[in-house]
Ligand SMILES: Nc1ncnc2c1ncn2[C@@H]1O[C@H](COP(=O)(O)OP(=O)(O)O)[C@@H](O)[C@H]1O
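Given next, in structure tokens, is a single chain: the form predicted on its own.
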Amino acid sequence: MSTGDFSGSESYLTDGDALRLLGNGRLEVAGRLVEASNLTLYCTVTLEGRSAACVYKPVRGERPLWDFPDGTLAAREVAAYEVSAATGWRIVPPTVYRDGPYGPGMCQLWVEPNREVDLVALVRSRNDPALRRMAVYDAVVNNADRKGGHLLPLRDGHIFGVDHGVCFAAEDKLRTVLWQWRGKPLLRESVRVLARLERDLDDGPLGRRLRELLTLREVTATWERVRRLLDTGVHPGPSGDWPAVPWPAI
């Protein structure tokens, strides 16, 4: 796995360190993020003298949705991390599925963004390579809710994305603020990553891991979306069968 400096954690952590800390550390609730639609708790996680801030979303706090099965959002967040890790793009902060004070759920490393960045200007950017990678990633995971507020830009230029609970539907539900590359040819880097994902989803560790978190139909649909991107060679556009932009957009 790649390494990274996660702002908001107590010290430098590799992805592997972060996953071990999140999965095995003592989880203590410090507060609640009240603007979130599902129960989202701000916590500290501690293991062997090392601690970090994290977000914990218990399954029992998930609000029922008409278009996603109940009790599946936490697993979808973990699946989103697994795909992110497989791309090498580090779009999603380290995320695990674990038990906690309010039962099983997802636990994700807290990332403190650069709050000086204008999110409206960021989502309109056409020249940010990290944002363009995220647009490809969202097409792969079928992100139904890519708001501007789900982007976490760091001071070094890296951009994390969070809140992936409504991804991986078998039906086309791509809804995002990142449509500025629609119809544009995929960059060669993206084509290479997609080709690797196709193999990994077909008969590799990523496919096996996703089958633990999603339905077989959803995993197959993920492979089909990757195959479609490779066949067309371009960024997708809105389907017309689903609202193209989430509300609120930011």
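Counting begins at 1, following the sequence as shown. Here the structure is a predicted model, which means the values were calculated and not measured.
In what follows, reference is made to the form predicted together with the ligand, a form of this protein that is not presented.
Within 4.5 Å, heavy atoms only, which of 195, 29, 216, 33 is in contact with the ligand in the predicted complex?
So the residue touching the ligand in the predicted complex, by this definition, is 33.
Only one of 98, 173, 150, 90 has a non-hydrogen atom within 4.5 angstroms of the ligand in the predicted complex; which is it?
Only one option qualifies, and that one is 150.
Among 180-188, 220-228, 53-61, 201-209, mark the stretch whose residues have heavy atoms within 4.5 Å of the ligand in the predicted complex.
Heavy-atom contact with the partner occurs in 53-61.
Check whether residue 163 has any heavy atom within 4.5 Å of a heavy atom of the ligand in the predicted complex, and answer yes or no.
Heavy-atom contact with the ligand at 4.5 Å: present for residue 163.
Hey, in the predicted complex, does residue 44 get a heavy atom within 4.5 angstroms of the ligand?
So residue 44 does not count as contacting the ligand.
Please check if residue 109 has a heavy atom lying within 4.5 Å of any heavy atom of the ligand in the predicted complex.
It does: once the ligand is placed as it appears in the predicted complex, residue 109 has a heavy atom within 4.5 Å of it.
Select from 37-62 the residues with a non-hydrogen atom within 4.5 Å of the ligand in the predicted complex and write them out in sequence order.
Read in sequence order, the residues that approach the ligand (within 4.5 Å, in the predicted complex) are 37, 38, 40, 55, 57.
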